[in-house]
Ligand SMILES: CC(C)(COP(=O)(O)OP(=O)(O)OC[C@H]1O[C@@H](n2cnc3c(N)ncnc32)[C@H](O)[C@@H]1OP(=O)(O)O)[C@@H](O)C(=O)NCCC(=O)NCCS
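Just the one chain here, laid out as C-alpha cells, in the form predicted alone.
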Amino acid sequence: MPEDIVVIGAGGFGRETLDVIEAINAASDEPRWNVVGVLDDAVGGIHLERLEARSYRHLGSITDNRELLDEVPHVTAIGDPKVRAAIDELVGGTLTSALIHPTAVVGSRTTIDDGVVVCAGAQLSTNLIVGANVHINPGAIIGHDTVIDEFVSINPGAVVSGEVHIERATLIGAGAVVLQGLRIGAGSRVGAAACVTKDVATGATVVGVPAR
C-alpha cells in the first residue's frame, strides 16, 4: 500500500515536489506515495488554478490541519529556507523520508535526512551529509565530502565543489558556483550566477564574480 503524504506549499516548488512524487511512483512496481492533499495558508489565483488542473486537493491552511499533520507524514515544499524553517518549528509532526527523483544521481556513502527533496537531474557525489528539509533543485551538482545543513536550498543549476560546508537555512542561487573547501555561513544568500571564492559570513548576501 502507498504511504500517505501531505505537501505543504502550493507554489512553484510545491508543484515541482509533486512532479518528484509522481516520478517516484511511475518508476516503482507499485505507487509508493499517496498525496492526501496540499496545505497552503495563502494560496489563490493562478497557483490554486494550477494545482486544481492537476487534480490535487487544497486542504486549507496549516493551522486548520494540525491534527492531520500529527497523523500523516509531510514534506515542506516552500523554496525560501527561512520560511521553511519557521513552518517546521510551527508544525512539528513527522517528516517524510527523502523524496529523490529517479533521474537524480546519488553517490556512495551519502547520507540524506528526512524531508529532503532532490529534483530531476541533480548530481550528488560521494560521502555527502544532507540535513533535514534541504531542497536540491533540478540540475544542481554537489561535490564530494560536502556537508549541507538543514533547511538549505540549492537552486537550479548551482555547482557546489567538494569539501564545502553550507550551514543552516542558506540559499544558493540558480547557476551559482561555490569553490572547494569553503564555509557558507548560516542564513546567508548567494546570488544567481555568483562565483564564491571565499568563505561567506553568517547572514551575508553575496553576488557577482567573484562574489562580494
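Numbers for residues come from their place in the sequence shown, where the first is 1. Quick caveat: nothing in here was measured; it's all calculated off a predicted structure.
The discussion below concerns the form predicted together with this ligand, not included here.
None of 60, 156, 181, 185 but one reaches within 4.5 angstroms of this ligand in the predicted complex through a heavy atom, and that residue is 156.
This chain is displayed without this ligand, yet in the predicted complex the stretch 169 to 177 from 141 to 149, 169 to 177, 28 to 36, 46 to 54 comes within 4.5 Å of it by heavy atoms.
In the predicted complex, this ligand sits within 4.5 Å of a heavy atom belonging to residue 189. Taking this ligand as positioned in the predicted complex, the residues of 190 to 208 that bring a heavy atom within 4.5 Å of it are, in sequence order, 191, 192, 205, 207, 208.
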